[in-house]
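Below sits a lone chain in structure tokens, taken as the form predicted on its own.
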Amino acid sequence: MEKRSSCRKQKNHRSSLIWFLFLLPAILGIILFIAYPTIESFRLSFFKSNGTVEKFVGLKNYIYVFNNEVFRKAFFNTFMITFFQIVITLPIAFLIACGINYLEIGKNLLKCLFFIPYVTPAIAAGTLFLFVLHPNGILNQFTGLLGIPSISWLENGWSARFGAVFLSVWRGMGFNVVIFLAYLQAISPEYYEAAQIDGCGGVQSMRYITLPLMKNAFGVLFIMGWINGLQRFTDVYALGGMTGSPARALHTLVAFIYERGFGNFEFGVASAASYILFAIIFIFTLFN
């Protein structure tokens, strides 16, 4: 019995060792590319550093970031673009999901068509919208049919911001539609059958059954929209470059970090700004 017990322990030990060896590359990757950079960035946030020379400055980097006019503008741009993206995307995506849910055939095809922009690489989507937002682009041709004069979207601060909003709505619509559709399909048909027996119409069923049961979907997508929006960089970078032209109207929080770190080699300032952004995202994550 003792020999059998000893053999089992050895087999279990070998099995655990084999699984550990399989996990080792992932563990090393997390340590080297996530854990170490996170800790090093936090340390650098208290130093004035250009990558070679360092000087301890305490909280001066954080104070500098909070008092920096460019950071404030990047903060405003990020929140403004994200706010309008969410306000426009959520109701439209919900209505589209409701429409697809009532169809008998073609649901999967429509889900794929709406989801394609979401899986399109961000840099490709941003480059595509350079042509869409061109004075002679598709957007101005469409608005021209409605009698709206042509707009130079990327030459004015406010129009450039709304151009970025249109881009983010186009990219994020499919993800929101799929999530809404999943929640809609999870609602039991018995609720609607009972409501129909009680004489409820389509509008009343939507108001008293669908919307209350969809509040979790709206909550999750609202929080995720803010978390993803606060991290926007690549697609907006394709539209406005590192400085977020015109006049930094497309300069986001991540672009500020990128410019300070890899443009000006102010790694201490960039690290402080990145941890300020981390704190903001962490607050939204707690709600989620």
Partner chain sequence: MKDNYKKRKKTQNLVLFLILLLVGILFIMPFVWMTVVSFERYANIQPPFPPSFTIKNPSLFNFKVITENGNLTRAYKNSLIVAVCSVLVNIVSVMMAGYALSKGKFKGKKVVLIIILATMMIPFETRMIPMYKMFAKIGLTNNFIPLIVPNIIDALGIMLAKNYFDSLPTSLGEAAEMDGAGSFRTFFQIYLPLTSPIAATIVILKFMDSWNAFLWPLVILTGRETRTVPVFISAFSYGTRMAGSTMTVAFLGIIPVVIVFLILQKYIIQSIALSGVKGE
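If you're wondering where the values come from, they're calculated on a predicted model, not measured in any experiment. Positions refer to the first chain, counted from 1. So that the term is clear: the rigid core is the largest set of C-alpha atoms that superpose within 1.5 Å between two forms.
Note that the form predicted together with its partner chain isn't included here; everything after this is about it.
The three marked residues, Phe46, Tyr64 and Glu155, fail to reach its partner chain in the model of the complex, with no heavy atom of any inside 4.5 Å. With the partner omitted from this view, the residue of Val203, Ile197, Ile148, Leu103 that lies near its partner chain in the model of the complex is Leu103 [heavy atom within 4.5 Å]. Put simply, Ala247 is far from its partner chain in the model of the complex: not one heavy atom of it is within 4.5 Å. Using a 4.5 Å cutoff between non-hydrogen atoms, Tyr208 does not count as a contact of its partner chain in the model of the complex. Within 4.5 Å of any heavy atom of its partner chain in the model of the complex lies no heavy atom of Gly263. For the chain shown alone, Trp226 is not a contact residue for its partner chain in the model of the complex, no non-hydrogen atom being within 4.5 angstroms. Contact annotation: its partner chain lies within 4.5 Å of heavy atoms from the stretch 124-132 in the model of the complex, the single such stretch among 157-165, 70-78, 124-132, 187-195. In the model of the complex, Phe175, Val178, Ile179, Ala182, Tyr183, Gln196 are the residues of 174-204 with at least one heavy atom within 4.5 Å of its partner chain, listed from first to last. The Cα position of Tyr36 differs by 2 Å or more between this form and the one not shown after fitting on the rigid core. Once the cores line up, the CA of Ala279 ends up less than 2 angstroms apart between this form and the one not shown.
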